[in-house]
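Next up is one chain by itself, shown in structure tokens, the form predicted alone.
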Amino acid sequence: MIDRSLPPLLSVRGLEKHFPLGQGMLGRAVRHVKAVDGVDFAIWRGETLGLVGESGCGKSTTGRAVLRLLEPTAGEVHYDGMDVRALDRESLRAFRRRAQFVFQDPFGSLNPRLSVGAMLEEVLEVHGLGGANRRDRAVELLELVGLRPEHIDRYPHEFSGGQRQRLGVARALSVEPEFLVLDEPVSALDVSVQAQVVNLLEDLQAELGLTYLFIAHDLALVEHVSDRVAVMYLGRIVEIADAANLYREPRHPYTRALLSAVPRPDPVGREQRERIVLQGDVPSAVDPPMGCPFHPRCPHPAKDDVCGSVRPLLEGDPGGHLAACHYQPSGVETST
């Protein structure tokens, strides 16, 4: 049971990650790619927050910056009261025992020169865990993610895609974390295998009390696995809400456009849904638009000059349904 009366496990405020692009005469960056450009969200213990958006919107960069796999350019990241950006090297290692990352490409994240057992034992050794029983612990981890003990002496290339993703999860769980960033964990898998891995993640969350940041572009999948969903566009979160509320009553035009493209079972053709086709390309993250980043493509009938000049705040109702739009539905308080 998620208790939101308690402080969140993870709190992110104003997170930015800008990558330098080109150099001037003095070696300084001429321009920056604003991959993450002011992101705010919180995750409570035991919760799954889904982070969705088009490719290139900054989802994966956000996940990596939260764990300091990439150093943030600006902003605050607090984990269970700790200032993650202020941690020294030793404290950061201790933090990463509590918070782990599961990569999108399981094969690329596994060392091809090490057997599965050696890989898991290496992680345990680095963190000073397991002692003389590291091989036994490696076997336990394989069984925990649905693999067999005899797999321990195999190498990554001997496994299927779904099995490799299970190995990636096992490696993340080897240090007994409480929080996982799952970066597109099933996007490279067949549909049937996706379901198996998602079921495994849900079972592990219930069994181990895990908290997830689930990054994906598949909105139907995110609806199934998430307690709340955050929608990202051009480096910013434009809407965040309980999954049921967001899918039933989206408030941001971009969210409505994304959801209009999600296939829904309707064998007799009773449901009449408008397909919202966005015009134009996603603007460059090097030179994002002034004001609302979505306004050049926004189909909202009330769109006007304020959208192109004033950045909308992420705000909404006391229930936590927030959107960064100047023209939210009636009854929702905004700063305009």
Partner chain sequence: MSSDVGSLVVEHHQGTSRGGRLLSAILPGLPQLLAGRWGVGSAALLTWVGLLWIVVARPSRVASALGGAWDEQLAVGTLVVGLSTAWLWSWRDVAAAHEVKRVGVSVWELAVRAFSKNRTAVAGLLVIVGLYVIALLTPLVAPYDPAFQGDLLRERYVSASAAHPLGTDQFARDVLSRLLYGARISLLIGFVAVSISVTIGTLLGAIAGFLGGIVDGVIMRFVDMVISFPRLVLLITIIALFEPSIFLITAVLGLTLWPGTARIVRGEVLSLREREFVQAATALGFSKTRIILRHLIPNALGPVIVAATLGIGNTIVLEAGLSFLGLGVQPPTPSWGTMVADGRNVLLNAWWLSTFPGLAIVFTVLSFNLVGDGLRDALDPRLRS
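Numbering follows the first chain given and starts at 1. Since this is a predicted model, take the numbers as computed values, not measurements.
Omitted here: the form predicted together with its partner chain. The next part is about that form.
Within 4.5 Å of its partner chain in the model of the complex, a heavy atom is found for all three of Arg64, Gln104 and Val126. With the partner omitted from this view, the residue of Glu140, Glu122, Asp80, Asp242 that lies near its partner chain in the model of the complex is Glu122 [heavy atom within 4.5 Å]. The partner is absent here, but in the model of the complex a heavy atom of Glu158, alone among Asp136, Glu249, Glu207, Glu158, sits within 4.5 Å of its partner chain.
Its partner chain in the model of the complex is approached by Arg96, whose closest heavy atom lies within 4.5 angstroms of it. In the model of the complex, Thr73 stays away from its partner chain, with no heavy atom inside 4.5 Å. Interface membership of Arg171, defined by any non-hydrogen atom within 4.5 Å of its partner chain in the model of the complex, is confirmed. Looking at Leu69, you'd find a heavy atom of it within 4.5 angstroms of its partner chain in the model of the complex. Annotated contact segment (heavy atom within 4.5 Å of its partner chain in the model of the complex): 150-158, selected among 80-88, 150-158, 234-242, 208-216. For the partner-free chain shown, Phe103, Gln104, Asp105, Gly108, Ser109, Leu110, Asn111, Pro112, Arg113, Leu114, Ala118, Glu122, Val123, Glu125, Val126 of 103-126 come within 4.5 angstroms of its partner chain in the model of the complex, judged by any non-hydrogen atom.
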